[in-house]
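Here you get one chain, nothing else, as structure tokens; it is the form predicted alone.
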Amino acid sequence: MKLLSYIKQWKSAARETIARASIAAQFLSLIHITDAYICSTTLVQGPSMLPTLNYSGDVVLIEHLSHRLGKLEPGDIVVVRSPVDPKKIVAKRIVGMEGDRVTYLTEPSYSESSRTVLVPKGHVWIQGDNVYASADSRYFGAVPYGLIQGRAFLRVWPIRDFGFLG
């Protein structure tokens, strides 16, 4: 009799444990899907996006849908895996889309010479807002659409600068 009682208790405890583990797994899956495919945060720092983003760093919200749906446009700030160093993620502004002609200063610090390029199919032309301190498409060329991680749309930190990015 006692053995039957213990088995029923263990069965009940096992069911409750499995139910709670299932809820935890669903919650963690939801967090992963949201972070990878819908929206995430990232720290953006450095001089290349001055004055739009702070040198010391801003935490921005990145949405991951626009680039998958082909809804990016010139003027959007995007987070891109660096074509030069794939371990790095950089934030830049889209200046040209595939098929656009982009004219840029080759060495803005030293001369006024410019160059015009045609952005190839499946690529975007990105540049930092601070042309004097930005390694961007002027140096490594147009960036394949596949390297875009998402579009930055909201600065969440520092709180005094909270707001949408244009």
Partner chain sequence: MWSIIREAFDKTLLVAKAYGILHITNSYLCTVALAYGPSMIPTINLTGDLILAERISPRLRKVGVGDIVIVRSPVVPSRVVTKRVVGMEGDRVTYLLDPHNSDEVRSTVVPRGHVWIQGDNIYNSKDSRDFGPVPYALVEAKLLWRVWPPKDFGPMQHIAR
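Positions refer to the first chain, counted from 1. Values in this document were obtained by computation on a predicted structure and should not be read as measured data.
The form predicted in complex with its partner chain exists for this protein as well; it is not shown, and the discussion that follows is about that form.
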Residue-level contact is defined here as any heavy atom of the residue lying within 4.5 Å of its partner chain in the predicted complex; does residue 65 satisfy this criterion? no
Please run the contact check for residue 115 against its partner chain in the predicted complex: heavy atoms, 4.5 angstroms, yes or no? no
Partner contact for residue 153 in the predicted complex: its partner chain, 4.5 angstroms, heavy atom: no
Does at least one non-hydrogen atom of residue 36 fall within 4.5 angstroms of its partner chain in the predicted complex? yes
Quick check: do 83, 139 and 144 each get a heavy atom within 4.5 Å of its partner chain in the predicted complex? yes
Considering 70, 122, 99, 51, which brings a non-hydrogen atom within 4.5 Å of its partner chain in the predicted complex? 122
Its partner chain: the contacting residue among 111, 26, 103, 56 in the predicted complex [heavy atom, 4.5 Å]: 26
Within 4.5 Å of its partner chain in the predicted complex, counting heavy atoms only, one of 57 to 65, 36 to 44, 103 to 111, 128 to 136 shows up; tell me which. 36 to 44
Residues from 45 to 74 in contact with its partner chain (non-hydrogen atom within 4.5 Å) in the predicted complex: none
